[in-house]
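The chain that follows stands alone, in the form predicted on its own, written as structure tokens.
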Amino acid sequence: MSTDRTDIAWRIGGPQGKGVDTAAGIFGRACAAGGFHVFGRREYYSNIMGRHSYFDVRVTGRPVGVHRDRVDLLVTFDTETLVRHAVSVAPGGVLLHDASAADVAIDAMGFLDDPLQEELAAYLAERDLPPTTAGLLEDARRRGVTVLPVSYGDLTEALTHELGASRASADRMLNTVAVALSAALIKYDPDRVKRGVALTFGDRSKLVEMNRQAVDLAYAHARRSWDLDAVPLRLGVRPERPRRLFVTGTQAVAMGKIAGGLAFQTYYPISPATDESVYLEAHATFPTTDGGQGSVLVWQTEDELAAVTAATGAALTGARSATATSGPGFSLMTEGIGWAGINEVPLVVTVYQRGGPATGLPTRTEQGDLQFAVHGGHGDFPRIVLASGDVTEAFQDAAQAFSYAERYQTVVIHLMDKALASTTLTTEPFDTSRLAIDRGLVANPASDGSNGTVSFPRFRPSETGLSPRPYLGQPGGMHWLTGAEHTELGRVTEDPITREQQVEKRLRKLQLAAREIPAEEKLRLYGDASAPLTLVSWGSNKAAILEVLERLAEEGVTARHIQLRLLWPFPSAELEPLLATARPLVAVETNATGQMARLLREQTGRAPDHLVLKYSGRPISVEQLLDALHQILSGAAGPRLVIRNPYE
């Protein structure tokens, strides 16, 4: 007996290049077209084609921003997806698998790493099942999962004969077929799936029409092959279908930069940062609210040092400039960031954190660059570091970063993480009404009577650390720019008194930022404000924590979450009263050493009572975090809990 659901977790997996992402896009847009909130999580190997990739799409009646480990509907394109994810299907769920993968020995799967083969063999041995895909499918049946085979070969033949598609086209349409089979199983309106097709393929009318026909073919196949009434899943009907955006984290950053007045963006390709610049390239011109047309110049440079120095040069002219990179690229940019620091250049650097060190895990998430963002580079120079916790914040922070950079004439490092970068989400249209453009203290030397024959005191010390900033080429604004220590005119000097004055001038800006930036832009408090159980975290962990607060509340446990948004200057004063009543204080991070917790201890003297960490390269799920909190509340947890999932 099917019952309406308003929270369905759908997962599709297959070889990289098979169309997994496209399928997820169609399914997500189809559900969004029905008025549902949609969250998507993309996981993939760093090779171009062939290795295992999968996409989680969570469809809900309310906004969510995190995946579930337990999925309700698993669609597999290949054997690897079956063996990796079969145990993740929840009782009452559905497993749709490639019929040709129904009985394959696990030890014959050379593509599986040895630890996972051993884990699976042990799992099946405990249940007296053979170490094969047949064993995994039988285990699923015993757990109450509906197991349905599908022959993709037969469907390819049907697409070629009934729709007249070429073999290659038929193969490419299997992702649409997989989506339509899934939708048929949950009794979802096929017209909405066709809407998802149209939204995904845009104005390619022939492609849209062929895929629409593929939807009908798949629905007919599902009705002929299976008893749909016996499938225990049904996606409920939403009475309203408001207009929402369907965006990724990288797209939100790109939009935020445009809204914030970005004029010049540089980058050298690196995962997962490249997607942001590619999106900007695709939208380099855009309509403005006054009926005009805006534009952004995007430059793919020859390397990372060129990217950061080119953006720095553009910022000196008065253009709002940014660059985007990931861990290894950020390391290479450090010298240029130091140059921007000593010359007080308002530069925005977006850093998409991924697994490190070195090449590490190029397409997997990690929060491993916080300490480097705060302390990286040689010498003391101010920088502002902020971290976004969700897609909306990614938009807001990307726009706000320019005003911080120009207000305080310094480098702003905007931290994202791969999990947030590749998140796909339905969201209300971004609110631009509160975006304010602060150009900071801009010099107007010509009006001061200067005529360019005398040098402008660009770096003159002041009580705030700020001094008027002329743009390059501005009449009367002549000054020198050098990587060496300098006088107020920019002339190289090693005079000890001038050196101290310039160091102190630059550092005073950080003190000013700490005083001026509003508390709500530094941190946010969620949950029961008076609850002693306190989870402190940053970045994309926010969504899992917020959902866990709800789950704990249902269990009668009150808790609160402190989300740190401004990591440098560290919001010690704002944290002090909250930390005083935190019992226990739990830090949640996706890195191995608790980088935020170390910063917390360093700046406030308060160490967390428990660290909940995950550093496998995958984000924290709701179930994993809830289990960790249960261990802490029961007294069974030590000071350091590591979340693991060998099947991811």
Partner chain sequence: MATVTVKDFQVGFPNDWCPGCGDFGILNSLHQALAGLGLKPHEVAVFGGIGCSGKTQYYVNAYDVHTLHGRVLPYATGAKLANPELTVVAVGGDGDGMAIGAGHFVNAGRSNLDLTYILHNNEVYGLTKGQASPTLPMGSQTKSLPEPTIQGSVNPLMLALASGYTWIGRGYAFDVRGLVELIQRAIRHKGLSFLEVLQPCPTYNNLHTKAWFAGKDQGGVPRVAPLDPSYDPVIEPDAGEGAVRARLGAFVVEATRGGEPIRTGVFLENLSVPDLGERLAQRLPAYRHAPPAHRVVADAKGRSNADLTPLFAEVAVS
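Residue numbers count along the first chain shown, from 1. Since the model is a prediction, treat every value here as computed from it, not as a measurement.
The same protein has a further form, the form predicted in complex with the partner chain, not shown here; the description that follows concerns it.
Annotated contacts: 511, 572 and 637 are all free of the partner chain in the predicted complex [non-hydrogen atom within 4.5 angstroms]. A heavy atom within 4.5 Å of the partner chain in the predicted complex is found for one listed residue only; from 113, 335, 520, 157, this is 335. Proximity to the partner chain in the predicted complex, defined as a heavy atom within 4.5 Å, singles out one entry of 473, 379, 164, 130, which is 473. Partner contacts here mean any heavy atom within 4.5 Å of the partner chain in the predicted complex, and among 180-188, 367-375, 542-550, 428-436 they occur only in 428-436. Among residues of the shown chain, residue 33 is one whose heavy atoms approach the partner chain to within 4.5 Å in the predicted complex. Put simply, residue 29 is close to the partner chain in the predicted complex: some heavy atom of it is within 4.5 Å.
None of the heavy atoms of residue 530 is located within 4.5 Å of the partner chain in the predicted complex. For residue 206, no non-hydrogen atom is located within 4.5 Å of the partner chain in the predicted complex, even though that partner is not displayed. Residues 281, 283, 284, 285, 286, 287, 288, 289, 293, 294, 295, 296, 297, 299, 302, 303, 305, 306, 309, 310, 312, 313, 314, 316 are the ones in 281-316 with at least one heavy atom within 4.5 Å of the partner chain in the predicted complex, listed in sequence order.
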